[in-house]
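Before any questions on binding or motion, here is one chain by itself as structure tokens, the form predicted on its own.
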């Protein structure tokens, strides 16, 4: 069994090169043996943030996006839940499955700053690292301020990770598709083809 696992959760609506870049950089910088991509079923913070396609499509696109990387895997763990997905519940389950494996979670700095995380203190207790991906030009002072506001005893586990400046978002990809604009080079080619074949976001 692998000794270190990185978990990348999210809506992946759709998955894009920014997600893949963050996962790859985290794997290198934090010596992670494998990265597990877990599309969520009912995201707690995004139920009113626009159209989310079915978990079936999002899982397939994630699998297509990571197919060329033997260290990237996809999981249906959260998609199998009918209720709202909380990261702390997912990590609890993974700790049971992976035993003594050290688990780190990867997310974007905007997610940490924008949302209130459910049971964040317990989540940090379960994790080796809470990896927060930032882009060049991102103000680390904003991140530091958010961490201070949380007043967490285990805040030292929150680790910023600067990734190359890949300014891509799922929101922008959906907007372009809705307007009939191309998304080539924003998502892997297999994901692009799947979107058009299944007429997603159009």
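Numbering follows the first chain given and starts at 1. Since this is a predicted model, take the numbers as computed values, not measurements.
Beyond the structure shown, there is the form predicted in complex with adenosine-5'-triphosphate, which is absent from this document and is the topic of what follows.
Not displayed here, adenosine-5'-triphosphate is approached by residue 107 to within 4.5 Å at the level of heavy atoms in the predicted complex.
At least one heavy atom of residue 135 is located within 4.5 Å of adenosine-5'-triphosphate in the predicted complex. Contact annotation: residue 76 falls outside 4.5 Å of adenosine-5'-triphosphate in the predicted complex, judged by heavy atom distances. Contact check for residue 119: every heavy atom lies farther than 4.5 Å from adenosine-5'-triphosphate in the predicted complex. Partner contacts here mean any heavy atom within 4.5 Å of adenosine-5'-triphosphate in the predicted complex, and among 81-89, 109-117, 95-103, 68-76 they occur only in 109-117. Scanning 171, 54, 145, 139 against adenosine-5'-triphosphate in the predicted complex with a 4.5 Å heavy atom cut-off leaves one residue, 171. The partner is not shown here, but in the predicted complex the stretch 142-166 reaches within 4.5 angstroms of adenosine-5'-triphosphate through a heavy atom at 163, 166.
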